[in-house]
Structures are given as C-alpha cells and as structure tokens.
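First comes one chain, alone, set out as structure tokens in the form predicted alone.
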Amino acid sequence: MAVGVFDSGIGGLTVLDAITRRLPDLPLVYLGDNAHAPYGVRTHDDIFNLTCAAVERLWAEGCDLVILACNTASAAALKRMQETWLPSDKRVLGVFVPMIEALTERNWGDNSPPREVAVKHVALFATPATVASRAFQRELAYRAIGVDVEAQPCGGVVDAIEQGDEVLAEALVRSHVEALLRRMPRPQAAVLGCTHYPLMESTFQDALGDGVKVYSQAKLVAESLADYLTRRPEMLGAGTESKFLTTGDPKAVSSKATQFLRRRITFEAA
C-alpha cells in the first residue's frame, strides 16, 4: 500500500514529512534525483525524461500512485506525462492543484466552472523552469477568473538550501521578494512554488509583510492526498516498506537530509 514521493533533490522531504504526520500508517517511498538536481534550469524535454525514469523506479517499488513533490517536474512534465505516457492503472499527481484549490477556496475535487474569487493579486515565487512553464497560471485559470499573477524566478535559492547555506538563502529570498514588489507593490497572497521554500517561509513572510498571506504546499498536499486515497483506495500500491532512495551519493544525501528535516534520514542507492 505504499505511495511514492518524487523530487529532484531533498526539497520534497517537506511534503513527505507532512504526509507522514497526516497519514502515519502509510508507507512512503521517497526518490530524490540528486544526481541531476537542480531541475529548475533544465529544458522541459530533459525534465520530462528524468521524471518518467524516476516514476518508473517508484513503480518498481510497488507505488502505483506517485506524488511529484517537485514543482518544476509538476510544471514542466506532469501534463505531458498524463496525456501521452501514463498507463491506465497508474496515477501521477502534482503539487499545484491543492495549492490553487486552497487559494481559490474550492473544495478538493471541485470541477465547477471558474469563478470570481476574493484574492485578485497573487505573487508566485518559483524556480526559473516553473515560472517559464506558466503551469500555475494555467491551472489557476481552470478555477478562477480575474486574478493577476506576478511570477518571480528565484534563481540560486534551491542550491543555497541544498548546500545548507542559510545566510545566502535568506539574502537571495529577500532580493527576489524586493524584485517582485517593485512590479506588484501590494500582493494579497504569495505562493511558495517550490518544496524547498517552506524552510524559508518566515523569511518570505517577513520580507512581504504581515498583510500578505503566504501559502506553503506541504500541508495542503498531504490533506489532498488523504482525500484522494479516501476516494480512490484502489490506488494504494503493493509496496509495504518505507524507504529513501537517491540517484546521488547516499551518504552525502543522508547527511543533507538529516540536517534538512532535523531527524535521522538514511538514503539508499536507487
């Protein structure tokens, strides 16, 4: 009954941690493609091919349902995967939809036509590839009308977090927020469109000011997954063991992940 969680690096551990808290009895297999991270500067074809390979690896672990905790993969590869590649007995879900459902105050699975919503000015902070894909804007348009989105590509933030350089990460976040506020001085909401960014949520909030509601993905994705599995229990795969896999150096990734989540995490070679 295992579910797979995929990320290009260790950022998706924020999503895995939230899922573990929400569904403590659910086995989870995490795969980080650390050998090819970061995805945010790669081409869409490259991201698609790497993501497909990772998802197939998680299927081999008995995970019929895979969560793309990587926003870049969700933005650049998910739609193409679902339309051209995915077998009928498997499911791959992204992280944008739960965020947008919360932003637009729609219930999980609400497929009614788009409508006016209270939030009109939204700041999106994401990787360059996610921003270039315009996937967030496309998904938002399915659910809401009249919302102005200003997107800020946050180059360097993921690398700084992965390297454990909190001082550099904080400086970069503040710089990117300042750049966005010059274009959209009064956003009502801010979306942290990368699974690494919850670690910098307080910095984003401080730089944006108390009047801006900051949406972070991990808890929203966990709640959405719980709802999905209630409706589609047949998508629980045959896997029974939780594990952490990486395409990178397991020892180095384990050390970073332990620092990242502040609890012992041990990775195996994928």
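As the structure is a prediction and not an experimental result, all values here were calculated from the model. Quick note: we count residues from 1 along the sequence shown, nothing fancier.
Not pictured, yet referred to below: the form predicted together with a small molecule.
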property: The small molecule contact at residue 204 in the predicted bound form, heavy atom, 4.5 Å; result: no
property: Contact flag, residue 194 vs the small molecule in the predicted bound form, heavy atom cut 4.5 Å; result: yes
property: In the predicted bound form, residue 158 touching the small molecule (heavy atom, 4.5 Å); result: yes
property: Which of 172-180, 110-118, 68-76, 135-143 sits within 4.5 Å of the small molecule in the predicted bound form, heavy atom basis; result: 68-76
